[in-house]
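Given next, in structure tokens, is a single chain: the form predicted alone.
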Amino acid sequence: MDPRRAETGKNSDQIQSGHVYHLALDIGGSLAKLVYFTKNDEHIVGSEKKKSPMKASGISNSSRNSPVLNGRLNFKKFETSKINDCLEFINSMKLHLGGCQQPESPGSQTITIKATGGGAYKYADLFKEKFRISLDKEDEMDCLVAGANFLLETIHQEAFTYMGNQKQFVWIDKNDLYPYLLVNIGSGVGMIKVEGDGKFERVSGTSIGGGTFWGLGKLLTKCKSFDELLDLSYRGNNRAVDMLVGDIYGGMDYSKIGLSSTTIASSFGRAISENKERDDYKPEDIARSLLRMISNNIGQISYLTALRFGLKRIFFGGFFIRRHPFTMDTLSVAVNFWSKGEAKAMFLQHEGFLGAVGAFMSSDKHGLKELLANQKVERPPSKLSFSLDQTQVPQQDGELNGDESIECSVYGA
């Protein structure tokens, strides 16, 4: 039996059996992201148990006095406004037991867990009160870049392009990855020039991001969640709300400067030329127009930032994207248009978990990168060392539910 197939079910049995090895958190303004490792005791290298495939591949733990643990790296997300749901999940799955126990005072112990994001400070007392968890805070930007570098260097088909309903995976040569521009779209947008491991600089950003989409969407529609608003935009037509070039030029293109009649001239501009009230516009059309407006803006600023530093690669991350076709297509079209085809927008499979992955890796005891750098993949393509196997395939390409996992190995404590 293929061990990967044997592990594609829910992880609750592993966790409740005490197989959680580690947990890391990234608590942002909109979403709280969890990354945790569940190990399979049947595949511990160097033990009396069943021989691990990694052992057969020649992986050695001679550089460390600890076994190599095979298992899965799991991903989960919650709305930060519902942080208690996150705490309940951690408690029900006993994830906090995967932290490091440290004596706080005589007769007591506190579990320490790596965390990043503003919520690591905002909710530190809450975690301590609920579970005696101490959040060991890591710098948000450090974790974001470390997570992106790790995923791009290690996971096969992590990066892809998307334009005109065409998704194409991009092979990344880890020896030719840098420099690149990382655009992280969370509540706001941060743009980071990355030149190597630990070598980066935040060079730009904008306050018009995922929080803007969610906030304005909540005010303009009756949607009560980000996902509901995103789903609503699928059914919308932004042409009912936006003013197009054709509206100004009598249905014609403005070909002299390369603008087609369907190019958006003014987001929400049609509303000023029609004798209508807000309730006369369909919520789905408003949602689509809002999504287009924000994505176009981010795409343009991203390219101009890349141009400023002579960067050709632009990677977009953050849970604003959610693999949403319209979002990715709009970002791609904006980059393609302003660069005249010289630059491409690229997206990440684990777009929303960059910071959480970076926080997970920040604990030296794991040695994830050291281990995986020497790991061999048993199935083609064999140039990368991390095999991706989702526990739950999204029903549509634009939906990322956050309940995914990756088969991997880490060093035991």
Partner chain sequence: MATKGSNSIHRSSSRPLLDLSKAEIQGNVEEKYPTILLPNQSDDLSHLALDIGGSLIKLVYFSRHEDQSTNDKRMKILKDKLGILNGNRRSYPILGGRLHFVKFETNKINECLEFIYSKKLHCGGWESHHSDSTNDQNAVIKATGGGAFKFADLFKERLGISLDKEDEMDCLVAGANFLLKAIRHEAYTHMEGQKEFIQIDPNDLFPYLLVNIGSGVSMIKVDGNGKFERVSGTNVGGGTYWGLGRLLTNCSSFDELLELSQKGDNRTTDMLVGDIYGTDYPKIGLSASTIASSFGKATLENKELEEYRPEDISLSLLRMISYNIGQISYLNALRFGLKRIFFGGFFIRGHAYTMDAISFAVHFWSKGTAQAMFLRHEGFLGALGAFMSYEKHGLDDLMVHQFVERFPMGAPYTGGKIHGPPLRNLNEKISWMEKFLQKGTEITAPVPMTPPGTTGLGGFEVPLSKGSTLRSDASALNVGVLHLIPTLEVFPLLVDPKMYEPNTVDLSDHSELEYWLTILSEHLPDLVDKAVASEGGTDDSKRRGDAFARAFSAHLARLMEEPAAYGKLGLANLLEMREECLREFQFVDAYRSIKQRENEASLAVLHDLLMELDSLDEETRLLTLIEGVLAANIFDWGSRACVDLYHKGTIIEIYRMSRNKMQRPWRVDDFDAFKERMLGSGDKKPLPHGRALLFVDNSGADIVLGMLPLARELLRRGTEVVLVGNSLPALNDVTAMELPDIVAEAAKHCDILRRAAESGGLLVDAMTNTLDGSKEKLPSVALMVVENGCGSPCIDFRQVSSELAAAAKDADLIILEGMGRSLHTNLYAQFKCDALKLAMVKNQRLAEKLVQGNIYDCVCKYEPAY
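Numbering follows the first chain given and starts at 1. This structure is a prediction, so every number in the text was calculated from the model and none was measured.
The form predicted in complex with the partner chain is left out here; the points below concern that form.
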Full three-residue contact with the partner chain in the model of the complex, heavy atom 4.5 Å, for I83, W171 and F326: no
Heavy atom within 4.5 Å of the partner chain in the model of the complex: which of M163, A271, L177, A124 fits that? Just give me the one. A271
Please identify the residue among S332, T154, N74, S187 with any heavy atom within 4.5 Å of the partner chain in the model of the complex. S187
Please identify, from 154 to 162, 274 to 282, 126 to 134, 84 to 92, the stretch that has a heavy atom within 4.5 Å of the partner chain in the model of the complex. 274 to 282
Should N70 be counted as a contact of the partner chain in the model of the complex, where contact means heavy atoms within 4.5 Å? no
Is there any non-hydrogen atom of K218 lying within 4.5 Å of the partner chain in the model of the complex? yes
Residue-level question: is R308 within 4.5 Å of the partner chain in the model of the complex, judged on heavy atoms? yes
Heavy atom to heavy atom, is R202 within 4.5 Å of the partner chain in the model of the complex? yes
What residues, if any, in 296 to 322 have a non-hydrogen atom within 4.5 angstroms of the partner chain in the model of the complex? N296, N297, Q300, I301, Y303, L304, T305, L307, R308
